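In the form predicted on its own, a lone chain appears below as C-alpha cells.
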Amino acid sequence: MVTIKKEILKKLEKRAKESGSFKNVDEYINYILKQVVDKLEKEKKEKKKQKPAYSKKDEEKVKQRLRSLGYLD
C-alpha cells in the first residue's frame, strides 16, 4: 500500500478526470509511475552505452603531467 498526501491526490484526481483517458485515479497514478520508471531505465541504459570522454591511458598521462608540474604528489 502506498500513502499519498491529500493535496497531491486531489491534484491527481483532477488531472485524471480532465484527461478523460482514465477510469479512475489509480489507473492514472499507475500510468504516471510507469512513465517515470521507463524513463529512468532508458536513461540508465543510455548511460551504460556512453564511453568515457578519455581512456585510462589518457588519464594516466594527465596525472603524470600534473605530477611533473608539482600539482600532484
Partner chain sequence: MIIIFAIDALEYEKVEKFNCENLKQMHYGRTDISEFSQPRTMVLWSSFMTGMNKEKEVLKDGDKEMWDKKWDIKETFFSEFKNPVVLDLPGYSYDKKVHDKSRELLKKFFETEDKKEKDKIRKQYNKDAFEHHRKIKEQFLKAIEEKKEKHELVLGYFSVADVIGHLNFGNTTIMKMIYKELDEIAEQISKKGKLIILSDHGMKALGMFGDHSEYGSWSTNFDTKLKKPKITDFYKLITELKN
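Positions refer to the first chain, counted from 1. As the structure is a prediction and not an experimental result, all values here were calculated from the model. For clarity, a rigid core is taken as the largest C-alpha set superposing within 1.5 Å between two forms.
Keep in mind that the form predicted together with its partner chain is not shown, yet the notes after this line are about it.
In the model of the complex, at least one heavy atom of residue 5 sits within 4.5 Å of a heavy atom of its partner chain.
Within 4.5 Å of some heavy atom of its partner chain in the model of the complex lies at least one heavy atom of residue 40.
Its partner chain is not drawn, but in the model of the complex it has a heavy atom within 4.5 Å of residue 47.
The closest non-hydrogen atom of residue 13 lies beyond 4.5 Å of its partner chain in the model of the complex. Taking the partner from elsewhere, no residue among 18, 31 and 34 has a non-hydrogen atom within 4.5 angstroms of its partner chain in the model of the complex. Remark: with the core as the superposition reference, the CA shift of residue 13 between this form and the one not shown stays below 2 Å.
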